[in-house]
Structures are given as structure tokens and as C-alpha cells.
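First, one chain by itself: the form predicted alone, in C-alpha cells.
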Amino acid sequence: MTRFIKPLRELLVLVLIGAALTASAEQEQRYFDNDALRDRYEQLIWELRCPKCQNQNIAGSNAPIAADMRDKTYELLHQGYSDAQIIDYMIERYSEFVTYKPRVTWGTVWLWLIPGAGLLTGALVVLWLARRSASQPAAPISAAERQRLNELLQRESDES
């Protein structure tokens, strides 16, 4: 029995080493000239959205297009592009979808106007309904309705 334990232990060690190497191989190895450049890279890949994945940034996406975008971000940073220029480049190449904070343009202005217009419309409707109900006094009840109401009230007081 002990002659099987030693080979199994060695096999387990090899499997764990292989798993660790595989896990480290999946992490991107990027080299930066300084920490500020690395921080800008990290911030940019967290701010840019993967065009293929639903609401996932390119830092966390495994899609090939996200890897391409990370590569391009890395390349543009090393070419001296500013953060705004890199985001503009990505938007121009992949559309406004790649940013979580769309720019205010003629194509995206409705994103900011519709909620405000909805609130304004709702406030105007509530104001109109309030004014309408205040301007129409309640219709007086007829003598027959008054008598019926009194009968109902009398019946209820007799029952209780």
C-alpha cells in the first residue's frame, strides 16, 4: 500500500505545479517604465467596456477583442498618448459603447435629456391633475342620495 502512496504524492505535486504554472501563464505580463504608467493602464482597462461581453470591462474579460483592446491600450500608453486620446481612439474604433461614461454629443444627448424630460413631464401632469381637481367642486348630493346615506348610517349605528 505504501508503495502506491509515494507515486501518488509525487503525481499530486506535479499536478499542483502544473496548475500554478497555468494560472500564472494566464496573467498578462506587461512591463512599464514607471508605476504611474502602470496605474494609468490599470485605470484605463477598468474604465473601458468590452464590446463583446455584457457590461464587463476589458480588465476582466477573456474575450479576444478585450485582449486586443488591452494590447492597444498598452501600446498607445507607451507611444505617449494621453488617457483622453486613448479613450477617444477606442470610441472611434469601437463606438461609444466601450465607455461607461458616454460623451455628450448629438448622438448621446438623449441619455441625459430623457430622464429630465420624464421628470418634468411627470411634475407637469401631477400639477395639472391637482389644479383640475381643485377647480371642480364636488357635486352636491340629491335629496334621495342624502336620505339613502342617512338610512345606511342609521343601520350601521343600530348594528353596532
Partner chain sequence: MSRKWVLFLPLSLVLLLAGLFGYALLSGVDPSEMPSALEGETMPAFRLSTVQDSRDMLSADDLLGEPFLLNIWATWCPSCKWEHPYLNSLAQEGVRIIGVNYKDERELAQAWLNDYANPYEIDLFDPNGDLGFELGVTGAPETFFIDAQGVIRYRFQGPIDSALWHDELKAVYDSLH
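So that the term is clear: the rigid core is the largest set of C-alpha atoms that superpose within 1.5 Å between two forms. Numbering follows the first chain given and starts at 1. The structure presented is a predicted model; accordingly, all values stated were derived computationally and were not measured.
Unshown form predicted together with the partner chain; subsequent notes refer to it.
By the criterion of a heavy atom within 4.5 Å, Leu37 is excluded from the residues contacting the partner chain in the model of the complex.
Though the partner is left out of this view, Gln29 does not reach within 4.5 Å of the partner chain in the model of the complex, counting heavy atoms only. Proximity of Tyr94 to the partner chain in the model of the complex falls within the 4.5 Å heavy atom cutoff.
Proximity of Leu129 to the partner chain in the model of the complex falls within the 4.5 Å heavy atom cutoff. Proximity to the partner chain in the model of the complex, defined as a heavy atom within 4.5 Å, holds among Val125, Leu113, Leu119, Ala134 only for Val125. Interface residues of 46-78, taken as those with a heavy atom within 4.5 Å of the partner chain in the model of the complex (partner not displayed): Pro51, Lys52, Gln54, Pro64, Ile65, Asp68, Met69, Lys72, in sequence order.
Once the rigid core is used as the reference frame, the Cα position of Lys101 differs between this form and the one not shown by less than 2 Å. With the core held fixed, Gln43 shows a CA shift below 2 Å between this form and the one not shown. Fitting the two forms on the rigid core leaves the C-alpha of Gly60 displaced by under 2 angstroms between this form and the one not shown.
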